[in-house]
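Just the one chain here, laid out as structure tokens, in the form predicted on its own.
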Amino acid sequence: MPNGPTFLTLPSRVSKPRARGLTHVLDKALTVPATHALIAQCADLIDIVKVGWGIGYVDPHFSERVAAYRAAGVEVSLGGTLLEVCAAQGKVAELRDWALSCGVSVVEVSNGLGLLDRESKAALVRQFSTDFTVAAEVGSKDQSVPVIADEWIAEMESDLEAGAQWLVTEGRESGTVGIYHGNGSVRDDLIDAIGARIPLERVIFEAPSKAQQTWFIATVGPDVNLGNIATDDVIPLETLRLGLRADTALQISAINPVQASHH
């Protein structure tokens, strides 16, 4: 972080704008003062803010908050559910025009409600990628929908081909669906399958809990792209990435446990 101490040996972090090690934050309708406070505290650590669900449509201060984020070098994304509702009502063009007028830079194209087939979703990716950076999300919000790795990967490949810049793996704010079992543990076989066929630097893994963040940092590395990060967890996540928290210190920080035991 700028103006901070520099005496420790820590993993190097690519500075913004970066193509790996993204921190993708979930904004659940912060007030205008809280938005400015978040920016002042840690804008340098935030790559994308997703104003979740359909909040942007309802928030009367949305455009003002988007402008503040963008001025601080933070990209702003709409939640995918809003686009899904617009697609179901035949209002995609209206959403595009409104998002452009608000200064939104990223559009999430998802199918969490299960109303789109793969071709329709890819068509939305193509349509929005001409004006926005597209983050294409894969996975259902319904815990009862089976998670089939080959289907996920085929959809991810289709989204990349259609023009998606980022692929987002569903985890929800709860961290109990998609890439997670109902108890919040990671479906490591699914992550292995994705990693075997999809470049992980293009994937943003939704990881709302500390345990999930720790798993990805330990398994994929400190520069894994993580999403659905709570606004209060931005700096704590950075300490996990840098090995400044017990959960990752011995794996990441330049610590020799034998030498340390003698001090």
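Numbers for residues come from their place in the sequence shown, where the first is 1. Predicted, not measured: the structure shown is a model, and the values here were computed from it.
The form predicted in complex with another copy of the chain is left out here; the points below concern that form.
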- prompt: Pick from 182-190, 84-92, 151-159, 121-129: which stretch has non-hydrogen atoms within 4.5 Å of another copy of the chain in the predicted bound form?
  reply: 84-92
message: Using a 4.5 angstroms cut-off on non-hydrogen atoms, would residue 16 count as touching another copy of the chain in the predicted bound form?
response: no
- prompt: Is the gap between residue 210 and another copy of the chain in the predicted bound form 4.5 Å or less for some heavy atom pair?
  reply: yes
- request: Please run the contact check for residue 173 against another copy of the chain in the predicted bound form: heavy atoms, 4.5 angstroms, yes or no?
  value: yes
- prompt: So, in the predicted bound form, is residue 200 in contact with another copy of the chain at a 4.5 angstroms heavy atom limit?
  reply: no
Residues from 46-73 in contact with another copy of the chain (non-hydrogen atom within 4.5 Å) in the predicted bound form: 53, 54, 55, 57, 58, 59, 60, 61
